[in-house]
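Given as structure tokens, the chain that follows is alone and in the form predicted on its own.
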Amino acid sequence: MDLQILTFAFVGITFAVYISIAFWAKASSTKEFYVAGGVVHPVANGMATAADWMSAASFISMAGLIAFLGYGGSVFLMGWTGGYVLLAMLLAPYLRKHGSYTVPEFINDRYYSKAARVVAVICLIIASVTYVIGQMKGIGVAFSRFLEVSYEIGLIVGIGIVLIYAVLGGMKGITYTQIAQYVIMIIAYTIPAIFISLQLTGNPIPQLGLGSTLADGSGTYLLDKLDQIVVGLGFAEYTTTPRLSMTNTFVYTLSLMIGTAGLPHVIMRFFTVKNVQSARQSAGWALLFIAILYTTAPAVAAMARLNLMQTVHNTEIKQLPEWVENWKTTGLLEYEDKNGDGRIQYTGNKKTNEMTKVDRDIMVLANPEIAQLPNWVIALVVAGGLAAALSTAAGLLLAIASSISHDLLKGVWRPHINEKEELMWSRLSMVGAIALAGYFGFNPPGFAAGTVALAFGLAASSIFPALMMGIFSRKMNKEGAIAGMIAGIGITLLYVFQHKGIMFIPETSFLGDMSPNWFLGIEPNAFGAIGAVVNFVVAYIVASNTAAVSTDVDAMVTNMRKP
């Protein structure tokens, strides 16, 4: 069957499921809108959390980054999964025991300060808006290629779907929609990986295929073959060359870990379960569900890179496969016959490289086409990519909307509004957040995962320290928390904007490409960990020179930390 017809069918069916769930799970109270009534089962919440977490960056961009960065791309795997361990052990149980609806509400109660709540809202919005940009681009990329519509039309359709199920159902609708999206997403990601692993190695398990010998009978291991090809063409070795420096790799990993643990839309998921035990169980289930995709991603990355190099390099332009021309029309893939020999030389030398643009974000979506898999597999991957982008976008938009309606309006400006009015304002805030996300979707900076990595740095430098000190330090007061959040996110933003022209590093980069102006050789996307250190230091200095916390706050912290 024709690819476009299949894609419309798969995407249409999944969108119909999302909209049906939205009408079924329409929120009728603020508790349902913010925390799905607080009665979500740990397994269901784990699945929804995994979908909320595995965004377009995970589904579309991560394997593409690993495909070009190789060993250096491991920071995303270690950082994003390691952050869930921190979240499960250090934050989720305590925050659930406190019983807040939102992160700024917890900060308000713990530090007994509306000013701290407002600062937390500002930090949340900055991080969440930065994060949602990547999801918007993921939606546009998938639509523009496979539904043969413009990027703008694809983005409008995606925004419309999110508008329906997020505004109607709030957290309740988003939760059950995300369960469906996880199922679609994981099937869409693993089936092509199984096919390609069988093709290349004869092993149907991608995780094992990555370490297997090729099926051509040569006895050569897949990764050895990939190293031979990329090194021979002038690229950095795939399996052992670190990206930039080990210091940068360590700090980048740390930034992604504590950024994960500080992302409000992820933390909010643990407010939807019944009790502390369920919050811990949810984190465990989420890690399991995430691991299915995250252990598959390195295999997808390596196999996609191998297929790409073998398919394109030194091929006559007249004989280039159809997928190359298809992606060329999107502007995400470009080539130029610089030497006029009628062939494409794909090399690591900028002067002789004739593949002038290979957007990392296309690798997962193009992988089934490169491997010449059936059209239904390609259509399935499109549906999965859209599910990933939509699921995380919805969670982020809810975090933004709830911070405006619940934390600013109800918590600061109009504390006496009734529940019906608050629910109305929650939905209006969601519409406004979607409009803002749409604007940035039409003007996306950089590629999806790079933008997302910056969002993690912003969360790491502002929200995570405030939560950690709020839970584990009885002496931390509102002055310290406010000063720490402002200092942490301020220095991170300053560093990022100072180096904005060199935020995204070419695929051929390794040790020699660091900017001499980078602090300790740390790139802007990794600076969130340094911002977090600044946050902690400033907070403790200010707290030690201002009034001590009240006995009520001390008792709150003690009670929150009781088993």
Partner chain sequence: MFSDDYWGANLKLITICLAIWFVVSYLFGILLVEQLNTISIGGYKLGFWFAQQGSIYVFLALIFYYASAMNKIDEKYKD
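Computed from a predicted structure; not experimentally measured. Just so we're on the same page, rigid core means the largest C-alpha set that superposes within 1.5 Å between forms. Numbering follows the first chain given and starts at 1.
Note that the form predicted together with the partner chain isn't included here; everything after this is about it.
Of the candidate stretches 279-287, 180-188, 479-487, 108-116, only 279-287 contains residues with a heavy atom within 4.5 Å of the partner chain in the predicted bound form. Although the partner is absent from this view, M47 stays clear of the partner chain in the predicted bound form, with no non-hydrogen atom inside 4.5 angstroms.
Shown alone here, T330 lies farther than 4.5 Å from the partner chain in the predicted bound form, counting heavy atoms only.
Interface membership of G438, defined by any non-hydrogen atom within 4.5 Å of the partner chain in the predicted bound form, is ruled out. Under a 4.5 angstroms non-hydrogen atom cutoff, the partner chain in the predicted bound form has A291 among its neighbouring residues.
The candidate spot formed by V11, I362 and V377 is out of contact with the partner chain in the predicted bound form: none of the three has a heavy atom within 4.5 Å. The partner is absent here; in the predicted bound form, the one residue of L320, V85, V231, L428 having a heavy atom within 4.5 Å of the partner chain is V85. This chain appears without its partner; in the predicted bound form, the one residue of L454, C123, L95, L210 with a heavy atom within 4.5 Å of the partner chain is L210.
In the core-superposed comparison between this form and the one not shown, the C-alpha atom of V85 has shifted by less than 2 angstroms.
Taking 2 Å as the criterion, V231 counts as shifted between this form and the one not shown: its C-alpha moves by at least this amount when the rigid core is aligned.
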